[in-house]
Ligand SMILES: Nc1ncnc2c1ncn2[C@@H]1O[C@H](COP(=O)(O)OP(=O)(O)O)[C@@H](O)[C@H]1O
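What follows is one chain in structure tokens, specifically the form predicted alone.
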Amino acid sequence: MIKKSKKFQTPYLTNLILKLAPKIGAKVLVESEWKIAGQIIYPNGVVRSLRMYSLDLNHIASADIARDKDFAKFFMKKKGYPIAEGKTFFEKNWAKIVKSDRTIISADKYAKMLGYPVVVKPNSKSQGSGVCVAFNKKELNSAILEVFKGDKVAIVERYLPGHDYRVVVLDGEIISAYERIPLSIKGDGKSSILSLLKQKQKYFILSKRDTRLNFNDRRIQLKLKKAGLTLKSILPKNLELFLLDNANLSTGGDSIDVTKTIHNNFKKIAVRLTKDMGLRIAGVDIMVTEGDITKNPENCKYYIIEINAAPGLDHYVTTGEVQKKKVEAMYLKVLKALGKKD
């Protein structure tokens, strides 16, 4: 007897499109096994596609450039946007193909020029995957090798910490803005770090947030080691411990909504950047190193972390009913826009 495979959870965007499409008279055909690909069929004969977090709103090449962090940084810098100084380094075999000597061997020299610590990240991954802060050559090499498990290109970047924000833009309008806080736990004086992480995971599940924590993440292990702790350690009551360097909601981060308080000039920057990168919808990630996003950027220090052409909002919607309504209203606008003939 053949056992049936465990039912695959339908992605948030697929469920949302299935819910909203009938409101504009459209039908949705979804691939039945994985449920991550589908077609939206409009009454006027227009057919659009969806896949995971992507819809047919952005042009393919513009979206591909946004996905490639190094290419995106090139164009953002050329257009006058502040970015963190950084350089790409290539997996050994890939370096031969692109005929470059920028391999892991030369990364330490560059990191020393920037000044440790440095940020290491995959060039083409999203949702904070593989992002790590390295404080020395050993950690740098380890982080780059980890990146090369899923990407041929690693970026080594100047470490400029601050307030991390995601601003979502759709057709010249700010849909949402929120500060992203890295994965953290707060001690109760009796529970181990592992137990607190499991409690946080349980909370995510109960709130229907599609975040799965990796308790064995090497980055968490590194953070704990630096603090002289292990997963078995018990945190003192009310002591907050941050366990990752990136603040993505997909890796367990939290959010503070700033849609109503973001300064108008930061709004203009996000809208203009989205247009300058050839996109209609985007998540603009901004790091404010001095000041915060409620203040005039002219009086702050900030830089653009990256721009995401397919901003997943499935984690954001779980933070409140207001956020849920915002996202549904946004995608209803998207569906209407997609239904227009080219």
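Computed from a prediction, not measured in an experiment: that's the story for all the values here. Numbers for residues come from their place in the sequence shown, where the first is 1.
Keep in mind the form predicted together with this ligand is missing from the figure; the text below concerns it.
Checked against this ligand in the predicted complex, the residues F148, Y81, Y159, Y178 give one hit for a heavy atom within 4.5 Å, which is Y159. Site annotation in the predicted complex: the residue of Q127, S207, T259, S100 reaching within 4.5 Å of this ligand with a heavy atom is Q127.
Taking the partner from elsewhere, H315 is found to have every heavy atom lying beyond 4.5 Å of this ligand in the predicted complex. Contact annotation for E91: none of its heavy atoms lies within 4.5 Å of this ligand in the predicted complex. Under a 4.5 angstroms non-hydrogen atom cutoff, this ligand in the predicted complex lacks L50 among its neighbouring residues.
Contact check for D245: a heavy atom falls within 4.5 Å of this ligand in the predicted complex. Considering this ligand in the predicted complex, the lone stretch of 272 to 280, 41 to 49, 305 to 313, 54 to 62 in range is 305 to 313 [heavy atom distance within 4.5 Å]. Shown here without this ligand, the chain has no residue in 324 to 342 lying with a heavy atom within 4.5 Å of that partner in the predicted complex.
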